[in-house]
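One chain follows as structure tokens, the form predicted alone.
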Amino acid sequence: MSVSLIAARIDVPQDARQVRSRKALCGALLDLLQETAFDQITIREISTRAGTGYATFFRHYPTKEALLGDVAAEEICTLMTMTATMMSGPDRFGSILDLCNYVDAHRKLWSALLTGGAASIVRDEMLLQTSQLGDERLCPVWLPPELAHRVGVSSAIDVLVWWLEQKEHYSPDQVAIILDRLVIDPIVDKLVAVPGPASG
């Protein structure tokens, strides 16, 4: 089993020069992810693109996976919390719209994470975090909660990937409607409305 990106994340430095170096390395990785697959990117390429020395990379990160964890971990946590809210919160459509506005406001980052070279790693991390967000009260007895959330999150990711790949720009409002009608409404309605097997 692969190590979680969250587990690979490195503590944020306090020194201004270290902060600048890390920001440059993170930006370089994001740029490279839009050009090639994560497993084909080398540390030397990241360092060159960042304008830092090769040895500087290792003063900040032990591996390129740790750098990816630094770039992605906080964003994934934020997005997964929003996804959980739209599955079970009181204002479902408002939560979906908040998520779409958030992705749109951070479009370059999410394009790199969900459609770039690290897409499979990021998807795996999001699904890993799904298991920690389940609400068993929403599920009938026949449906395992982790499966319900896995299907919801996977489908939501697919819609976001589709949106980010479109040449024609769809507004967050349009995508929120698609997410609600195509993904969330059918799952939530099934979770809430379908009774478990009769007892007795």
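Small disclaimer: the values here were computed from a predicted structure and weren't measured. One-based numbering along the sequence shown.
One more form of this protein, predicted in complex with a further copy of the same chain, exists but is not displayed; see below.
If you check a further copy of the same chain in the predicted bound form, you find no heavy atom from any of I76, H106 and Q129 within 4.5 Å. The stretch among 45-53, 159-167, 61-69, 30-38 whose residues place heavy atoms within 4.5 Å of a further copy of the same chain in the predicted bound form is 159-167.
Using a 4.5 angstroms threshold between heavy atoms, I187 counts as touching a further copy of the same chain in the predicted bound form. Using a 4.5 angstroms threshold between heavy atoms, I178 counts as touching a further copy of the same chain in the predicted bound form. Among residues of the shown chain, L182 is one whose heavy atoms approach a further copy of the same chain to within 4.5 Å in the predicted bound form.
Remark: E146 counts among the residues lining a further copy of the same chain in the predicted bound form, judged by a heavy atom distance of 4.5 Å or less.
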